[in-house]
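Below, in structure tokens: the form predicted on its own, a single chain.
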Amino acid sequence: MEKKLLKKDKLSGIVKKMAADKTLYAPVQDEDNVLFKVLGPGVEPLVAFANTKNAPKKVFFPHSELLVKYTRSPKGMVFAAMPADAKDVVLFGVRPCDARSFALLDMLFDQEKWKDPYYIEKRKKSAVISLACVQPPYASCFCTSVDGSPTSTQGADILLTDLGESYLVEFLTPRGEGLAAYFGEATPADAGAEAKKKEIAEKSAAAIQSKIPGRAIKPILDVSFEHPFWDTIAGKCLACGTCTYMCPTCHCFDISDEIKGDDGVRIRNWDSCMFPLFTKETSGHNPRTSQKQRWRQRLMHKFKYYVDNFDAIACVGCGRCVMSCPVNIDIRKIVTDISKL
């Protein structure tokens, strides 16, 4: 793994040069928000920010995605599967929690037996440049409680760590090394840079004050499906789905057909386990009739079912759901309360 030092004033130019050659997503200022968007001409990529309001998972798992087109003809139905809309893409400035979300989604969409060609094709054509968290975190951040860290390399192809006057650039994968030519002005990193990064990593991890027993609740959830506790957490939930739509790892979707005349399309759209219609069957029966059951599913999925299937918690501790919930439901408190059952 190659490691280099890059003067901080050179980074913006490198990113803009990449953006001229490829589709590049980066954190940008959008009125009062920091959003992850395609970097357009004349727009400055941000490097000093806590995190983007939106998660970058939409690059690989879009809100809406065309899967099939079909037409009715005198000879019958003609179907045409649509190829994945995959382009050479660079994601710059991805925080380590969000980069980890890609690794977690890979476990689901790129299994040995079950593979999602649309997601996989986009991942193959992308490179993720992660920016380590060295500034004070949000009060809602809790990555260290769910197997992450502010300097995690998981899911990233390149990791940049701010050492003060320079960035330590770590090329982690062949995809990352494929971008090495853009960093031509960087110089080889020395032992001093390594030591400084270690010091920063320890300081950044210590700055995460919010703690939850992320792994500890799995044995409790294994035997608590019918526990009265579930009656206590969903009373004020609006079923708005904000928590799932803001989450970097939520991946529920619906597939629908839209028809006009003789032509039709089949589209995959984001969905949410928080919605009453999510589990409603064609017969009209709904196995999850209450918000209590939906909230239990959301919590179980992240902290039990994903652990059962992949030995990984399906939460990266970004805190977006905590900050965005309109009625202040806090997943950290729920997990902590479960640990006391």
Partner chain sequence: MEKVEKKLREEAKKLLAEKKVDVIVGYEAGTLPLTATPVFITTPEEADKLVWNSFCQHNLAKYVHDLIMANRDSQKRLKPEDRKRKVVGVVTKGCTSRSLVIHLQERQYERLDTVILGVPCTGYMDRKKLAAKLGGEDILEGSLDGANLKIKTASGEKTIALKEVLAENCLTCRINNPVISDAMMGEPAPAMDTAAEYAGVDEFEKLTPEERWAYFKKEMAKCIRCAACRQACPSCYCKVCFAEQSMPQWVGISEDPSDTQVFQFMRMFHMVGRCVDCGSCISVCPMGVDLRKFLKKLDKDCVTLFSQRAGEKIDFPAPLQDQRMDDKEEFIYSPGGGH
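Rigid core (definition): largest C-alpha set, two forms, superposition within 1.5 Å. Numbering follows the first chain given and starts at 1. These figures come from a predicted structure and were not determined experimentally.
If you look for the form predicted together with its partner chain, you will not find it shown, but the lines that follow are about it.
Among heavy atoms of Lys211, none comes within 4.5 Å of its partner chain in the predicted bound form. Using a 4.5 Å cutoff between non-hydrogen atoms, Gly235 counts as a contact of its partner chain in the predicted bound form.
Proximity of Val15 to its partner chain in the predicted bound form: non-hydrogen atoms within 4.5 Å are absent; the residue sits far from the partner.
A residue is said to contact a partner when one of its heavy atoms sits within 4.5 Å of a partner heavy atom; Asp254 meets this definition for its partner chain in the predicted bound form.
Stretch 265-273 is the answer when you ask which of 165-173, 197-205, 179-187, 265-273 has residues with heavy atoms within 4.5 Å of its partner chain in the predicted bound form. Contacts to its partner chain in the predicted bound form (heavy atom within 4.5 Å) from stretch 228-249: Gly235, Lys236, Leu238, Ala239, Cys240, Thr242, Tyr245, Met246. Once the rigid core is used as the reference frame, the Cα position of Pro219 differs between this form and the one not shown by less than 2 Å. Put the two forms on the same core and the Cα of Pro136 is off by 2 Å or more between this form and the one not shown.
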